[in-house]
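Heads up, the chain below is alone and in the form predicted on its own; it's given as structure tokens.
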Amino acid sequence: MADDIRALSAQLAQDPQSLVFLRLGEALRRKGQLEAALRVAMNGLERHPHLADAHDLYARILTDKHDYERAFDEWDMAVRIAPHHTGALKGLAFLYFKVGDIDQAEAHLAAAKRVEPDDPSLEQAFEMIRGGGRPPSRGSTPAPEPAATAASPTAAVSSGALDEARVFAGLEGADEGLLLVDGAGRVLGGALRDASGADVTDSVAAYLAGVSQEAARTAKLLGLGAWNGLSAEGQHGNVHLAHPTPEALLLVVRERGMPLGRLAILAHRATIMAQRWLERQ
């Protein structure tokens, strides 16, 4: 395997845009080099933020690191990008099972079975769930099964137990640099501060009123189709705009050192959390 890792690393170095990072990240994960695997996965996600397999790889590594909440978000994102992604469906099923939501676990396994009816691991998983057993030990299930380390109840946070009063509860950097507003510029969640620490939430929200409509109009005039997000680099920071719903706008602000690709990944995660929160309201 060491030779494979060296060969894959060399290929990726020659072509950083190559999808070989998926094989390299998985090889590193299987060898237990989780930090190296994590770096490979995150760099790959920066270049391919809409690739479901990249989110699936990242989720499996996070599961090995016992970061079940973020793993749930990544698998959830993979399914939103590719609804028939069996690796992500099986990963979500395992996490739901671990927090005791048997109905959701079976529903996700059933969805995976409709895509791959001949996958023997799915029937084994069904038998395990119906029998109330434990997930298979690590390495006993074929790729792309998630690692079978035991999940903790914190994964329930991602499956719907978020703090109702805080849109972005549990998200990295949730206490700053995130703002959710409606079409009229009214603050729905999050807060912003300027460089001096002064609260500028309301003034920025008012400024954002109507921005979503203007962005849609501009994209239409340019023949770009529907807009999904806008990123911009500033002298002192980077920003990303997204619209969780047609009536809402999400602004993510981070320091200048965060690459736009990583900012887009964070914005995707925040967008999903905002969508869930809005649906519950």
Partner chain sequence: MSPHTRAVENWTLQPLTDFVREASARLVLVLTPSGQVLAQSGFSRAVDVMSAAALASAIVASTNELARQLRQAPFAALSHQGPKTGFFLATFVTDRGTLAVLAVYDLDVSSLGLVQLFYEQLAADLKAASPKGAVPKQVLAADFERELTDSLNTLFGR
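Here the structure is a predicted model, which means the values were calculated and not measured. Positions refer to the first chain, counted from 1.
A second form of this protein, the form predicted together with its partner chain, is not displayed here; the remarks below concern that form.
In the predicted bound form, no heavy atom of Asp182 sits within 4.5 Å of its partner chain. In the predicted bound form, its partner chain sits within 4.5 Å of a heavy atom belonging to Arg80. The shortest heavy atom separation between His85 and its partner chain in the predicted bound form exceeds 4.5 Å. Remark: Arg217 counts among the residues lining its partner chain in the predicted bound form, judged by a heavy atom distance of 4.5 Å or less.
Candidate site formed by Asp73, Leu95 and Val99: every one of these residues places a non-hydrogen atom within 4.5 angstroms of its partner chain in the predicted bound form. Partner proximity in the predicted bound form, defined as non-hydrogen atoms within 4.5 angstroms of its partner chain, places exactly one of 57-65, 217-225, 36-44, 23-31 at the interface: 217-225. Residues are counted as partner-facing when one of their heavy atoms sits within 4.5 Å of its partner chain in the predicted bound form; in 31-55 only His50 qualifies. Between His48 and Lys220, the Cα distance is greater in the predicted bound form than in this structure, by no less than 3 angstroms.
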